[in-house]
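What follows is a single chain, given as structure tokens, in the form predicted alone.
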Amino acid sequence: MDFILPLVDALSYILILVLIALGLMIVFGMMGVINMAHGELFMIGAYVMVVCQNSGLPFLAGLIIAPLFVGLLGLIIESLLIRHIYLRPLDTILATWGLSIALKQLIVLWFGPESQSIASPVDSMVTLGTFSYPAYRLLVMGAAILLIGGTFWTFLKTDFGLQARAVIARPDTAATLGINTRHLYRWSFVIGTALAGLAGALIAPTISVDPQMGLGYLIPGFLSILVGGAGPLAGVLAGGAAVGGTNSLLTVWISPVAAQIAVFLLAILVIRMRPEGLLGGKK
């Protein structure tokens, strides 16, 4: 039974990483915007939970407020900044990198540099024989599966998703056919940022909430997209499983630093052998 706990931990990390990378995939893989501030939007979602907890609001209220607040922030960012630099990847890197620094410093000014903690809404353990696991982590895994499935359904099965994919693949043709490309770009960006905020709120009780927390998920998120492939939406699943699974399982046997080095080597190998990613060649 000793092997079950590392496997469940790996699955938990993979699902969280996919949920975070999914917002990146929508913004980067589907819209061509390299959002270096995605980790800070994830961080802000966690800090919204801190504010809700300090205000005495129930945990569920925080889960509702966090994506709404971060989605609104994403709408403001898209309107004031991102809309002016679409189709200019290098400019998006510089602009969103500067934005990430500004957001991080605002958090430091407001909350201070010290870490914050969020009380878990469920303290019980789930026990099966000799195996025990925190119930809240299992709830987070279930919520991540539902959110990932809902996002895939939105972009693959709805009219909005069909139009969004048409705009992403052939923006000029889509505009000629009467599709409001400006509207779809805006709301795709908002969905991506709201997912980041919700992910931060969900994970907040399981980690230390501090101004540097976003970077720890931003880099694995981008690696997941590069390894899986930035073309198909399903690429984030393959990339998240490869990056998250490798990092989590190797940490059991070697140091976390060595595990991260192994993940980078894996990413380099995959990108060298398949520049389009594991699923990048599939339509």
Partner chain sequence: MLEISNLQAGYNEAMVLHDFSLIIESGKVTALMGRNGMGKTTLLKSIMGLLPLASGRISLDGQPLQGLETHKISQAGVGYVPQGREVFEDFTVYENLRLAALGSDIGSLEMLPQIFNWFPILEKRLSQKAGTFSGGQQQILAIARALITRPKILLLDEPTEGIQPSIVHEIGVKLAEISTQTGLTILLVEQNVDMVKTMADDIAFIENGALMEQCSKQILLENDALLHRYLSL
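Not measured: the values here are computed from a predicted model. Residue numbers count along the first chain shown, from 1.
Heads up, the form predicted together with the partner chain isn't pictured, but that's what we're talking about next.
The putative spot formed by 162, 165 and 179 is fully lined by the partner chain in the predicted complex; each residue has a non-hydrogen atom within 4.5 angstroms of it.
Comment: the partner chain is not present in this chain, but in the predicted complex one of 73, 141, 174, 118 has a heavy atom within 4.5 Å of it, namely 174. Only one of 123 to 131, 179 to 187, 142 to 150, 198 to 206 places residue heavy atoms within 4.5 angstroms of the partner chain in the predicted complex, namely 179 to 187.
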